[in-house]
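Form predicted on its own, single chain, as structure tokens, below.
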Amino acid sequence: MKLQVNTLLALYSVLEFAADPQRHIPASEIAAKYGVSAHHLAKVLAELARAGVVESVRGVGGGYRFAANAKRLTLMDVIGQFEDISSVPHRGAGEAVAPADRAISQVLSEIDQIARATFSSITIATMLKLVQKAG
């Protein structure tokens, strides 16, 4: 599975904010850390703010801070803001479909379901523990 760049930026950002939930972190700080433009990251953060995952504070000392519950927010909650998480499209009724197409479609659908279930079972709090172990 390959996630879009905005989805990865959202996950990196959420982990940064959740690791220090009281601190207001400027978008430029995260952008510099992950080598992206602050303008591009601001669009991602705006989407996270609309979803209630982060909140923004303007002015001196402003930035973004984590606004969700790390023990309840899952990877799927974040990914779902940026990715189409619907199932693999199926061909229309009456359309001729080769048996190999049906078999491949079934396998892809199962993989998609497993990925969604896995992302839904991993919270941000769990990810923070994994980040600490990896660091």
Partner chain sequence: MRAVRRADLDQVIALDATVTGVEKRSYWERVYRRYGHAPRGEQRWFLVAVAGRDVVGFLIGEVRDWEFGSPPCGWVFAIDIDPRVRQAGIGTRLLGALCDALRAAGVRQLRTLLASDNTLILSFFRSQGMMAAPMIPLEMDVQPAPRARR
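Just so we're clear, the structure is a prediction, and the values are computed from it rather than from any experiment. Numbering follows the first chain given and starts at 1.
This next part talks about the form predicted in complex with the partner chain, which is not shown.
Q: Do Lys129 and the partner chain share at least one heavy atom pair within 4.5 Å in the model of the complex?
A: Flag for Lys129 set to yes.
Q: Would Arg58 count as touching the partner chain in the model of the complex under a 4.5 Å heavy atom rule?
A: Flag for Arg58 set to no.
Q: I'd like to know whether Arg72 contacts the partner chain in the model of the complex, with contact meaning heavy atoms within 4.5 angstroms.
A: Yes - in the model of the complex, heavy atoms of Arg72 and the partner chain come within 4.5 Å of each other.
Q: Look up in the model of the complex whether Ile111 has a non-hydrogen atom within 4.5 angstroms of the partner chain, and give yes or no.
A: Flag for Ile111 set to no.
Q: Going through 105 to 129, which residues have a heavy atom within 4.5 Å of the partner chain in the model of the complex? Please give them in sequence order.
A: Residues within 4.5 Å: Gln113, Ala117, Thr118, Ser120, Ser121, Ile122, Thr123, Thr126, Lys129.
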